[in-house]
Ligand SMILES: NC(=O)c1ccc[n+]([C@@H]2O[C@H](COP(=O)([O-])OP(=O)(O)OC[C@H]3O[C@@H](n4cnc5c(N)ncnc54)[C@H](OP(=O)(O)O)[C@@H]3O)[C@@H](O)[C@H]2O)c1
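This document opens with one chain alone, in C-alpha cells, the form predicted alone.
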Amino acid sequence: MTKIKIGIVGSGGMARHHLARFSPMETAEVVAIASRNQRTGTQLAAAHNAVFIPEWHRLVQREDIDGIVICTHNDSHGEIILEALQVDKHVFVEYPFASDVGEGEAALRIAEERGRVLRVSHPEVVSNTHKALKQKIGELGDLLLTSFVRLTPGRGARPEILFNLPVSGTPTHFFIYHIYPIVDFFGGASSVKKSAVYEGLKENGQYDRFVNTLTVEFKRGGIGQWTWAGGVAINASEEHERYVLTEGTISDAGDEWHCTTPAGVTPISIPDSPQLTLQELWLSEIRDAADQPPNLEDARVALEAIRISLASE
C-alpha cells in the first residue's frame, strides 16, 4: 500500500502530539517538518527521520507531500490552509479554523472545487459522548437555551499565548472548542452580541485577566450563551453546561451527563465502542478522495463556529 506523505508545520506540543499518532501508522509517512523555531524544528525532524525546512512556504510547495498538518499559532492558520489547498494538498489544521471569516470561506470553496480533504481538529466527529448527546438532543424537541460557563483561577501553562490578543485573538476565539460542539448541535447564529473585560491590558495586547461573554440567536430558534473568565479569584476551576429544550434539559454533572424530563432524571448512556482517531479519519478520507468528493461538513461547522467567535473582536 502506498503511504500518504505528510508535512507538518510547527514544532511545538501539538506537532509532537500528531507525530506520536502518525509515526506508528503503516499508511502514513512524515517526510518534512517546517518551523520558525530552528532548534525545536531540527530536533523534531531528526527524531522522526524527516527533513527540516525553516520556511513553511517551501514545505507546502514540495511535490512529494500529499497532506499538510498545521500546528502553528492561531493567527497563521488561514494563510497556510489557503496556500496548501491552492497547490492541491489535503489539510489537517488545529482549531481555530482561521482568524478571518473570509479566509475560512475561501478555504472551504477551494477544498470543494479541488476535491481536497479539509479537516479541523475538533474531536466531536469521533466522540461517543458527542454522538450520544446529539441523539438525545434530537429526541427532546426544540432548543430554548444552551448555556456554557467556564471560570479559571490561574493563567495556564502558557499565558503568553492565551492572554495575548495579537497572537490568539479574544479568549472567545481561543476557546472555539466550546463553541464548535454547540454549533454542531444547533446550527449557525442569526445574531451575536458580545461583552468583554480585559484587566491589566498593555499596549502590546497582553493582559492579566479577562471576562468574555457571547449571546447568540440561532437561525433555527433558541438562544445560546457562553461565559469565560480567566485569572479570576476563585478557589478552583468551574465549568457548567446546559441544553434546555422544550421536552427536557441535558446537564453535565461531573463525569456524567443527565437528562431531566417531567418523568424524572436519568443518566445519558455513553457507548464505549472504539472510534478512529482524527488522524486515522483524515488518512482514510484522503484515500477515499480519489473516488468521491470529500465530506466537508466538519469544515462547514468550523466556519459557522468562527463566525460566532470572531464576532467578539
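All residue numbers refer to positions in the sequence shown, first residue = 1. Keep in mind it's a predicted model, so treat the numbers as computed, not measured.
Although not depicted, the form predicted in complex with the ligand is the subject of the following passage.
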* Asked: Any idea which of 139-147, 92-100, 192-200, 233-241 reaches within 4.5 Å of the ligand in the predicted bound form, heavy atoms considered?
  -> 92-100
* To do: Could you work out which of 36, 258, 58, 287 is the residue within 4.5 angstroms of the ligand in the predicted bound form, going by heavy atoms?
  => 36
* Check each of 152, 164, 121, 213 and return the one that places a heavy atom within 4.5 angstroms of the ligand in the predicted bound form. => 121
* Asked: Are all three residues 10, 14 and 71 in contact with the ligand in the predicted bound form, where contact means a non-hydrogen atom within 4.5 Å?
  -> yes
* Looking at the partner-bound form in the predicted bound form, is residue 206 within 4.5 Å of the ligand by any heavy atom? -> no
* Interface membership of residue 131, the ligand in the predicted bound form, 4.5 Å heavy atom rule -> no
* Asked: Does any heavy atom of residue 109 come within 4.5 Å of a heavy atom of the ligand in the predicted bound form?
  -> no
* To do: Flag residue 76 as yes or no: does it have a non-hydrogen atom within 4.5 angstroms of any non-hydrogen atom of the ligand in the predicted bound form?
  => yes
